[in-house]
Structure formats: C-alpha cells, structure tokens
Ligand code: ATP
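In the form predicted on its own, a lone chain appears below as structure tokens.
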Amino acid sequence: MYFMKDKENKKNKENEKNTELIKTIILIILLILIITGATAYYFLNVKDNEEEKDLPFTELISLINENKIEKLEMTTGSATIKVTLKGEEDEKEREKSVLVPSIQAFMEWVQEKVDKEGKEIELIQKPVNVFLRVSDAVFSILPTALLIILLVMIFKMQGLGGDSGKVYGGEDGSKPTGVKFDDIAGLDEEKDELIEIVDFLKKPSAYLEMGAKIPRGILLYGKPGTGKTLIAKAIAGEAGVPFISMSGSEFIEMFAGLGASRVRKLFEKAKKMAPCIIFIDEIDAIGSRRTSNSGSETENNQTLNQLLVEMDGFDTNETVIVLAATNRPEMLDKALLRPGRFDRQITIPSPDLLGRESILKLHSKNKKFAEDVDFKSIAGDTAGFTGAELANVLNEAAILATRNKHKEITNLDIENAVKKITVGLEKTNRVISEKDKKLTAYHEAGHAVVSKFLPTQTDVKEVSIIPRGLAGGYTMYKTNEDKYYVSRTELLEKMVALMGGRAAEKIALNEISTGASNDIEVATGIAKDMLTVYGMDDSLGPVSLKVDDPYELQIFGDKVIDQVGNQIQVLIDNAYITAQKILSENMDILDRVAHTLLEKEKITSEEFEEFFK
C-alpha cells in the first residue's frame, strides 16, 4: 500500500513536471509569434511607408490624366498602392505611395482610362501578404490575450484556483507531520492537557455517547520559538489524522471578499477530510479586534467574521478541531475567544531549568559531545531561552566544533555558541586605539565591580573587551535560576549595575562616552516600568499608567504625568550616585580589573573572584 502511494506520488510529480514543461513551451511559442508578427509588421508595412514618399491622391489623378504614370501596383486587401512615375532618372524619385479612398472604384476608373483613352499604364495586382496578415491578426488579438493572461495570474495569486492550506497525512498521499509527543521536551503539563484531544480524534464515539463536547478550538500562545507549531503537529501525529496548516497572513488578500472565500474553502476541505485538524499560525493577522475603519480593515473584518461563522457552524458529529497559535493574545477579538470557538487557551511558556535540560538532551541526538559536557550546567546558564534558541545553540556549537576541527563538541564550543547568539560574533581582527581600549576596560570593569557589591545581582561569569556584534566589550553574568517575580530592590540594584559603566568612565578617566547608551536606555525602561506598570513608587502608589492610547493619560492629569517624569529622573540619578560611591570606595579593585583586561582582554569568573580575596 505504501509502495503504491509512493508510486502514485512519483507519477503525480512527473505529471506536474510535464505540465510545467508544456506551459513553458507554449509561452516560448507565443513569444516567438509575437516577435515574428511585430518584425513582419515593421518591415512589410511601417518601414515601407517610412522609405517611400507619399503622394496626394488628387495629384495622382492629375498625373494619370497627363499620362505621366508608368505603373500602378496594388496588393489585395491594402488601401495603399505603389506608383511608378515616367521620366524620372532617380529610382527613388520614381516610386511613390498613395493612399486611395476606394481601391475598387479607382481601379475601374484607371482601367477605363487605359481602354478608352489609350493611356499607357501597367496595372499589377499582387496577392495578399501572408506575413502582414499574420502580424495584423496578432496585434488585433494581443491586447485581449494579455488581459486574459493577467487575469489568470491574478486569480492564481489570490489562490482562487487551488486548495486552501497545506495538507499533511491526507488521502492524496501527502506525508504526515511526522511529529510525536516524544519529539517535544519541556512541555509535560501542556502535553497532558492535549492528550484528551488526541484521544477524542482517535475515539470520538466514546465522548459523544457520554454527551461530552470536545473543544472546537484551542488557542496556543507564548513567545516565539516556544514550540506552538510543533505541539500542534504532534497532536496530529499522535492521532494519525490529516493536518491542514495555514498562516493567518495567507487569508489576507488584495481584493475584498477573497479572504472570506479562502476561509470557506479551508473549512469545506476540513469537513470532507474529518476527523482532522486545522492549524492557523499567527492568527492575530486575521483575528485582531474589529474596527469600523474602511479599506484593508474592512477586508480583515470580513475574513474574521467568516472565521467566526465557520467555527460556529460545526455539527456535533464533525470531528474537526481548530488549533491556532499567536504570540500576541491581547490583540485578538473577544468574540473569537468565547466558549464555542476557542474554548481552551493554553500558554506555552519558556522552559524552566529541567525543561531546558531535557530539550538540550533531545536536540543532542545525532551529535557528538565530549564526555565532560554537562547539559544541566548549560541549562543553568541559559535561563529564559526558548526551545528554538536552545536548538540553535547546539547547532551553532556543532558548526564551531567543525570549523575548529574538533572531533567532538566541547564545553568551550557551547559557551562560544551562547555568546555568539546573545552578544554577537567575536571580532578579534578589529583595530582599536589604546584610548578606546582603556575606556572599554574601565567601562566593563565598572559593571563587574559594582555588581559584586549588590546582593541581589548574579555572579559575574566573564568580562571581555573583545568586540562582539555592536558591543565594544561585554560583562556576562551567571543565570542559574528561573525568576518569575522580580522585587523592587532587585530592580533598583539592576539600575545601579547598569550605571556602573558610565560611573567608572567618569571617576577613573574624568570622561563619559557613547558606550553607555544601551545601559542608559535599559535603566530608563526599568524605571519607567516601575512607576507606570508595577506601581512601585510611594508617591504615586499602586497605580498602573500603562494605556493603549496616549490620550487615556489625560484622565490622570498633567500633574501625575510630570510627577512620573520627575521620579524616573530621581531613580536614574540615585542609581548613578550609588554606582559612583561603590567604585570610589573600591578604586584599587577597579584599577586592577581594568589593567588586567588591558593585558589579557578576558577575565573568567575564577580570575575575577581573586581580586576580592
């Protein structure tokens, strides 16, 4: 059976190739005909008219009456005749062309002149010019043909001629998703939540007999790279049912009504293939809140309305489940999230420590690692990383190991991969002046030393003045725990650590540079969030000033807005003063760390700790 399906797939692919070849040949032939017709038209009509000098019809009548015409040459179907004059020595001056209003009446008149008056005029009748006729025909049908081709291309572009969505594991021989729950790590609770969906798709009758209604829609939301699409494919893979995948942006069309049409076709296909799964990735592209605006917003509203209607139109015995993924659930229309549509909403979070370790082990298959590689330690150093980012770390480590001609992937390869992804590519060949090196050394030493004296800040892992990415240097910290809540003290001390670089420049060199721009930006963002989002200011109290529209701030009054601005300035100034105080009291350590950086360019965590013993 699988052999027959494989054979059919190969045959279909060959037929598709033959169809494309025929289309290409027809297009080439059409182009050749157009070029040939245009060339013939030019040489046999336009060029002749350019080279010959026109003669007025009234003057031709006078010349015939005066017996100064030697020959008249006409072509069937043409209104232009060629005239040869008598007595002209120059061949070009002898030949003229004349546009005749009525060829038949003119030729009868000339014949009468020849027969009755004895005029010596040679009359020549030429058959119709085939090339000229072809060129005329081509140019007459060319606009219509081009219009038809343009319409066909537009319809194909809009997807009106084909099916909606990519199918996995359908009866047409398409390959299944090939993903199972065993291929997913770090999402154990989420997998448990979705197992009943798989069971329903396998045995729907058991649920229907009990009177249970399976959720019609399941919304998966979380940061990019957490595995939303992967877990949707795994549900289809576990249940062994067709999986129809489509992106939300594919519904948005150039012309009004076509997005809604594609939604209808998608659900019609799903009902025919039931039991099956419809997966809409990035659903916020069509599911965002409806507005009363015109233009593209109207088209989005029509598409969303059609989606709402289709999700309401399922019969109880139709085993079609809609899965959708987004990283912006707050953008979705409320009607889409009500029970009966997306009944169940599951958060796909970034993995915790154990989750990261299991993800690393999963992606370590088919890769060679040194015996001392500890995935638990790597998981501890990659807090906040998503599954996709962890997979990328191991892939980059494998590439670095191959480039460095290592037989196995080492801890150093993995550490360098993490640095490459988080900070940027190391630029060892960049030429840096001694002045800039010294400034960078004190800047990074300032961050490290200040952090050491702040109880809530994590330990320093590495300090470097080798440029990476856009940074002239970096201070890397250990991240050995997952934090779900951050205290006010920790945020305040985080700002102090961020201002340590600028404070070191000012105290040690009596100079400030642009190198602290990102530190200032991050510190200002923390101060702003403390006041407007977290309600951590004593004078303002626990009030959230986070609004969707800036005009909503008017209800708080100008006094509150001014107060927020002043308090942000106070928090930043206090952080800067605290950082300067810490460094002033520990100038000997700051100088030693900076000088060591100038000599070695890098300091490890062990070497950094030696300065404090």
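The numbering used is simple: start at 1 and walk along the sequence shown. All values derive from a computational prediction rather than experimental measurement.
FYI, the form predicted in complex with this ligand isn't displayed, but the following is about it.
A.B. asks: Just one of 503 to 511, 185 to 193, 234 to 242, 452 to 460 has residues with a heavy atom within 4.5 Å of this ligand in the model of the complex, so point it out.
C.D. replies: Stretch 185 to 193 is the one.
A.B. asks: Please determine whether each residue of 225, 230 and 387 possesses a non-hydrogen atom within 4.5 angstroms of this ligand in the model of the complex.
C.D. replies: Per the other structure, all of 225, 230 and 387 touch this ligand.
A.B. asks: Identify, from the list 537, 281, 519, 357, the residue with a heavy atom within 4.5 Å of this ligand in the model of the complex.
C.D. replies: Only one option qualifies, and that one is 281.
A.B. asks: Tell me, which of 421, 399, 107, 391 has a heavy atom within 4.5 angstroms of this ligand in the model of the complex?
C.D. replies: That would be 391.
A.B. asks: So, residue 103 and this ligand: in the model of the complex, are they within 4.5 Å at any heavy atom pair?
C.D. replies: No.
A.B. asks: Even though the partner isn't displayed, in the model of the complex is residue 432 close enough to this ligand, meaning a heavy atom within 4.5 Å?
C.D. replies: Residue 432: no, not in contact with this ligand in the model of the complex.
A.B. asks: Taking any heavy atom pair closer than or equal to 4.5 Å as contact, tell me whether residue 264 reaches this ligand in the model of the complex.
C.D. replies: No - in the model of the complex, heavy atoms of residue 264 and this ligand never come within 4.5 Å of each other.
A.B. asks: Does any heavy atom of residue 363 come within 4.5 Å of a heavy atom of this ligand in the model of the complex?
C.D. replies: Yes - in the model of the complex, heavy atoms of residue 363 and this ligand come within 4.5 Å of each other.
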